[in-house]
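Shown below, as structure tokens, is a lone chain in the form predicted alone; questions about how it binds or moves come after it.
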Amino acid sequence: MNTLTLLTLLAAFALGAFYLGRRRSLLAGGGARTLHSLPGYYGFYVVIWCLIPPLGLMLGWQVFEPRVLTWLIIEGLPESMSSLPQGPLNLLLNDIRNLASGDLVVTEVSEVMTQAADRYTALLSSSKFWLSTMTIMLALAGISLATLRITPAFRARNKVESTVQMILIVASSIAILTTVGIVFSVLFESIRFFQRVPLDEFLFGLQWSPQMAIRADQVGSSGAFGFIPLLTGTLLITAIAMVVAVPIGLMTAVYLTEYAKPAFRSVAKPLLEVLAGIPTVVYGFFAAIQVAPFIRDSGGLIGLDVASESALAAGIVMGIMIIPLVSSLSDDAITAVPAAMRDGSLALGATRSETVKQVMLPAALPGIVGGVLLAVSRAIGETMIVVMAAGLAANLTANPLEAVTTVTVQIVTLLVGDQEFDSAKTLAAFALGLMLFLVTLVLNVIGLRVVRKYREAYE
């Protein structure tokens, strides 16, 4: 039985367990009046015992099954194969798995490999059978045990609420631990990079050329790892995008919430948010084919030297892409302001524009700032538009008419293709990721301080 079928069967068991537990509580108490908890809580209590133990078994099985099967396959191989070094042994095991699943095997298939593949198939089939059997038996045992515990005095509500609270704590812990794991994984690899490249050279270097020389006479491999040009390009494009997105998005939100008629708003808001669903590669094509040539030709008419790939083109298109994000979040923040504040301002004789400027926008400022910060993070993390419209040149410049690159683009460039994760060139991607994380963290801290300051004034 495959996993999807097993999960569907568990869902059916859970549905039946809910009605069984609810009916059992009503029969045991002679009605809902004598029960400690509502009948639904008894049903959910049985559902918890029906689902959590089997799902825990399935999760543990998925974690340990590959390791156990691999160990059993290795034990069945001849000594000449099982004693291979780790790298060749992993390739052999991969070929055995491919052979068992019917995929293409690059190496020559021997009789030993065929026997190992047949044994792997048999073990996998047996594993699925025992997993299905034990899961169903555990679900039925959980239903039986939970049903027998149901009495009128049983505190089902307390049990269900404590279990849900524990599930929420586990979910929150997973999210926190995942974040911590990502940070430490990037940090450890960055430390390896800084063991090869000095920290001051990376932080204050003015040249970025991560091509490392393989031979002493190799040409074009300077090995310069200055972070400043990448940071400058990132901030330049982000600033241009925010100059485009924030005013247009904020004014759009103000118009839709304060001035537009409901019929127009019901049509305009969904149409505006369609922009958020367009893939970024489409925006990249638009920037490279339409916007960048237009800016270059327009600059040439007035005597400006504009590069074919410029920060201005990438920033403008990125700002257009971010407009729905700023508009939607600002719209939500303005709508959340209590109507009494608007009505009170109008009742005191203020015009609609004065109410917007002096009451609505200040009260909604925390939400607007949060939306702008989210838009900044979105702009900093954008890659495709920059690749297609701004180029890959790490130029240290504040001129928006020149080609620049960003941190995310260089991370992608460094990790493209088959890379050896032991060279300064590849490890530089992790150092860039760490710096990008720190820059985003600083922006968030600044934003939180602004939000806290103005929120205290209006609460």
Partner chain sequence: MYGVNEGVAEDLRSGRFGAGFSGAEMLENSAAQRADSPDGAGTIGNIQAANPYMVASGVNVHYGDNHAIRNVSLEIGKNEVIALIGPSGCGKTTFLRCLNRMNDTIESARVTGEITLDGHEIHDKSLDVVALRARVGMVFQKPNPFPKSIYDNVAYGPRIHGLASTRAELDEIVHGSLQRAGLWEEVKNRLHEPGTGLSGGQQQRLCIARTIAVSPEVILMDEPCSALDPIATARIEDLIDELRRNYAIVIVTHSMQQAARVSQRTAYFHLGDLVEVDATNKVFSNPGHRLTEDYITGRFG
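Residue numbers count along the first chain shown, from 1. In this text the structure is predicted, and so the values were computed from the model without any measurement.
This next part talks about the form predicted in complex with the partner chain, which is not shown.
- Using a 4.5 angstroms limit between non-hydrogen atoms, Gly303 is distant from the partner chain in the predicted bound form.
- A residue is said to contact a partner when one of its heavy atoms sits within 4.5 Å of a partner heavy atom; Leu168 fails this definition for the partner chain in the predicted bound form, lying far away.
- Contact annotation for Ala347: at least one heavy atom lies within 4.5 Å of the partner chain in the predicted bound form.
- The partner chain is not drawn, but in the predicted bound form it has a heavy atom within 4.5 Å of Val359.
- For the partner chain in the predicted bound form, the listed stretch (316-324, 108-116, 231-239, 348-356) containing residues with heavy atoms inside 4.5 Å is 348-356.
- A heavy atom within 4.5 Å of the partner chain in the predicted bound form is found for exactly one of Leu138, Ala363, Val254, Val369: Ala363.
- For the options Glu273, Glu161, Glu201, Asp343, the residue carrying a heavy atom within 4.5 angstroms of the partner chain in the predicted bound form is Asp343.
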